[in-house]
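Just the one chain here, laid out as structure tokens, in the form predicted alone.
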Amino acid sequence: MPVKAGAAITITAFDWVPDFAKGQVRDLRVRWALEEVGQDYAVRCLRQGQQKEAAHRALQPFGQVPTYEEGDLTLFESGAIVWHIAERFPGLMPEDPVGRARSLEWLFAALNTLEPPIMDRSMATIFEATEPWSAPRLPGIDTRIEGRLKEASDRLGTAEWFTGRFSAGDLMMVSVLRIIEGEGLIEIFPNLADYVARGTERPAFQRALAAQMAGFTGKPPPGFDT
């Protein structure tokens, strides 16, 4: 469906998450992209559990956040949303076809190559930490992550950004890599650590992070073990 010119943008986010998730929920990636391209947006905050209700599943069939609404268009999946923003508004997309393709390449690399083992580590250290199989799996997971980080580090070399100038691909790479900041993994590769720092020092990222953090005004769901 075509997007109506000038249509207001609304995204969804949570009004509460556990402390370890603050600053990591994926609406941050969408907020960052919108900040980079200078687009205002509204946020519809969901309480925990509301994302699984029928009204939200009509927008996001898997019951997750974020979603993106603009006129007649509704999108889910942070990667798809960020790419749409980059194509729709100037600021995150190289103008030449090759540059556009490279940006898309690194957006997919972030989501398909780097994020899976990184999220596997989150499962082992957070969500399934008390399960008997988690601790024995961790060394293997870290080995896989380190392998991917070395490959990314080798490709980045001394460059400032993976895509020549900061683009949607770098936005997603930084978003994924920062998940493991402070875990002693990315710190092995100084050029990647500096790369993440360059990304998160951008004013647009700082505005997006502040906005997400300010939105956590809700309460934990009943029975949540604090």
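Numbers follow the displayed sequence, beginning with 1. If you're wondering where the values come from, they're calculated on a predicted model, not measured in any experiment.
Note that the form predicted in complex with a further copy of the same chain isn't included here; everything after this is about it.
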{"property": "Among 193-201, 53-61, 163-171, 32-40, the region lying within 4.5 Å of a further copy of the same chain in the predicted complex by heavy atom distance", "result": "53-61"}
{"property": "Site test, Leu73, Ala101 and Phe108 vs a further copy of the same chain in the predicted complex, non-hydrogen atom cutoff 4.5 Å", "result": "yes"}
{"property": "Close approach of Asp120 to a further copy of the same chain in the predicted complex, 4.5 Å, heavy atom", "result": "yes"}
{"property": "Arg47: touches a further copy of the same chain in the predicted complex, heavy atom cutoff 4.5 angstroms", "result": "no"}
{"property": "Distance check, Ala152 to a further copy of the same chain in the predicted complex, heavy atom within 4.5 Å", "result": "yes"}
{"property": "Contact label in the predicted complex: Asp142 to a further copy of the same chain, heavy atom within 4.5 Å", "result": "no"}
{"property": "Sequence-ordered list of residues in 122-140 near a further copy of the same chain in the predicted complex, where near means a heavy atom within 4.5 Å", "result": "Met123, Glu128, Trp133, Pro136, Arg137"}
